[in-house]
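Presented as structure tokens, the chain that follows is alone, the form predicted alone.
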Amino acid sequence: MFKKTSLAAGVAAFAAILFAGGYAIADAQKVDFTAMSAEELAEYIILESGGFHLDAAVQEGGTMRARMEQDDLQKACSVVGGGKPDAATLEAVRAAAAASITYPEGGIKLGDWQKGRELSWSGFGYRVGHRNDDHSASRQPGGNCANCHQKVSDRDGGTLGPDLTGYGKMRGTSDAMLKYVYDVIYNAHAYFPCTQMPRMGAKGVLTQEQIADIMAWLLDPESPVNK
């Protein structure tokens, strides 16, 4: 359905700067960089030159190389229309995202806001390096919500996403609101196709229980978010 590509436009731009600056990469095969587009050069540097340890194992299974390959949703958002997908593509993304959402048995309920508070600030999990993160034992991955969202005044959050201070106080905890918040955390593309928000549930970063805890952090009247 989509042209295969594995890198974002930002990496291609970096490659263009690298090439324009006259840098050379030693390679036994004597690759002709001058014959490559910026996108092709970026793909070569990341995937073929051997400068990155793409064979490193990752926690979710597979390797770093697999992480570098875009899935269909990412391709739809970054390739179709030169990164400006048309209405039909956006609707296809929205529908696919909505279909990906699974719900807890017994319905959506709020969890523990205190656990959700810690999850929202934790960036632990899925990092790869000389000593990979390991969440198979005692420490679970975090949601890292604060990287993009401001939520309460006792800690500084990010500004990429909307400020969530007072979120539940303004919106309440109706069944419709519980479903909306669960859906957005699970896969926000169901409401905002081609959003920058991660697919926390759809990609298995957070469990349903963890999503319920983060929802409580946002919606529970006792949460500092709503004080």
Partner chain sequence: MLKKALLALPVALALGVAANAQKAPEDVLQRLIDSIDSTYLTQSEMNLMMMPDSPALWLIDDGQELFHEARGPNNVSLETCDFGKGPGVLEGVFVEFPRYFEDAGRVMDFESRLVHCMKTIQGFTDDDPAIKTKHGNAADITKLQTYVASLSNGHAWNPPLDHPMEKAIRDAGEIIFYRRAGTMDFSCSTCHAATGKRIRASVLPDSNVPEEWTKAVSWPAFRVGHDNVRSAQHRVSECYWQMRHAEPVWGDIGMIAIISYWNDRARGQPAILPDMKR
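Positions refer to the first chain, counted from 1. Since the model is a prediction, treat every value here as computed from it, not as a measurement. Superpose the two forms; the largest set of C-alphas matching within 1.5 Å is the rigid core.
FYI, the form predicted together with its partner chain isn't displayed, but the following is about it.
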Have a look at C148, A98, L90, I108 for me and say which one sits with a heavy atom within 4.5 Å of its partner chain in the model of the complex.
-> C148
Given that the partner is absent here, does N144 sit within 4.5 Å of its partner chain in the model of the complex, heavy atoms only?
-> yes
Please run the contact check for T173 against its partner chain in the model of the complex: heavy atoms, 4.5 angstroms, yes or no?
-> no
Are any of the heavy atoms in T195 no more than 4.5 Å from a heavy atom of its partner chain in the model of the complex?
-> yes
So in the model of the complex, does any heavy atom of M68 sit within 4.5 Å of its partner chain?
-> yes
Among D112, G166 and Y191, does every residue place a heavy atom within 4.5 Å of its partner chain in the model of the complex?
-> no
Since the partner is left out here, which residues of 157-193 would have a heavy atom within 4.5 Å of its partner chain in the model of the complex?
-> G157, G158, T159, L160, H189
Is G82 one of the residues whose Cα moves 2 Å or more between this form and the one not shown, with the core superposed?
-> yes
C-alpha of A56 moved at least 2 Å between this form and the one not shown on rigid core | no
Please say whether, between this form and the one not shown, the C-alpha of I45 moves by 2 Å or more once the core is aligned.
-> yes
V80 and A99, C-alpha gap in the model of the complex relative to this structure (3 Å or more) = farther
G81 and A95: do their C-alpha atoms lie closer or farther in the model of the complex than in the form you see, with a change of 3 Å or more?
-> farther
